[in-house]
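Coming up is one lone chain in structure tokens, specifically the form predicted alone.
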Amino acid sequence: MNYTLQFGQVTPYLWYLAGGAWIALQLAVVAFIIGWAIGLVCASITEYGPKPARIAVRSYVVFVLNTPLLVQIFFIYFALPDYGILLDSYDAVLIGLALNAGAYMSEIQRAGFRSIRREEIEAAETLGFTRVQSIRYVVVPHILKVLYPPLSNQFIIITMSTSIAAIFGVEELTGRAYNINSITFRSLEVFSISAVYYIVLTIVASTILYTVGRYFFRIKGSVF
């Protein structure tokens, strides 16, 4: 079977794909920020909270870590309407990504909490810091520096996971690639170009994360 590449049929849609890449990046950034906040709260509760709260957090984390992201979003999108909670595709995917990321970042940040020396916490308590103040002024600055690399990797994973949104009709990069493919029937060309967009997206994100980490947290490393 002979197949002739005809990228000329796809190039008119490059800006359309670029718009999808921008939507994917928006999804990733918002999901990461929300997920980081969820993870920080959950890690704090796991380490310092009362037992009932710790059990609730662990149940959430275990559930998320042991079920596929797609199933979690299916539940949000299809099951919640039975309880009167209606969400559009974008919001359902965003919530699913954020909750999923929150569980993973809870485990990452919990490791950061445990890397803090007891003397630092005792010093904060001696100065009269409350538990919340200790977390804000002692714990968080410490774990941001220690956990910046794994959190950065988690952001890249979230960026790649946004492709799931195409299943729910969200026109991010993969969703728009599906649309173009249904018009041109040039699958190899369409998804090859989409792959290039994802590569560029992750390289740009990695470069920004590396730059921020180097100049604000003195993180050593490289983009590749």
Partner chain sequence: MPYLEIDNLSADYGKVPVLQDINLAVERGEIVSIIGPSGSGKSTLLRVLTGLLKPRAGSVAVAGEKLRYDSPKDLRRAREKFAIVFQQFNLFQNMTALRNVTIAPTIVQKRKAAEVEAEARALLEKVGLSHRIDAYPDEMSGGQQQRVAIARALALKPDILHLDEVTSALDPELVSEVLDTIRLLADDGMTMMIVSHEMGFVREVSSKVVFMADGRVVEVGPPEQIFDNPQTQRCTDFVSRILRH
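Numbering follows the first chain given and starts at 1. Predicted model only: the values in this text are computed from it and were never measured.
Although not depicted, the form predicted together with the partner chain is the subject of the following passage.
Proximity of Ala124 to the partner chain in the model of the complex: non-hydrogen atoms within 4.5 Å are present. Val138 belongs to the set of residues with a heavy atom inside 4.5 Å of the partner chain in the model of the complex.
Mapping the unseen interface onto this chain, Phe129 counts among the residues with a heavy atom inside 4.5 Å of the partner chain in the model of the complex. Interface residue remark: Asp91 is not counted as part of the site for the partner chain in the model of the complex, having no heavy atom within 4.5 Å.
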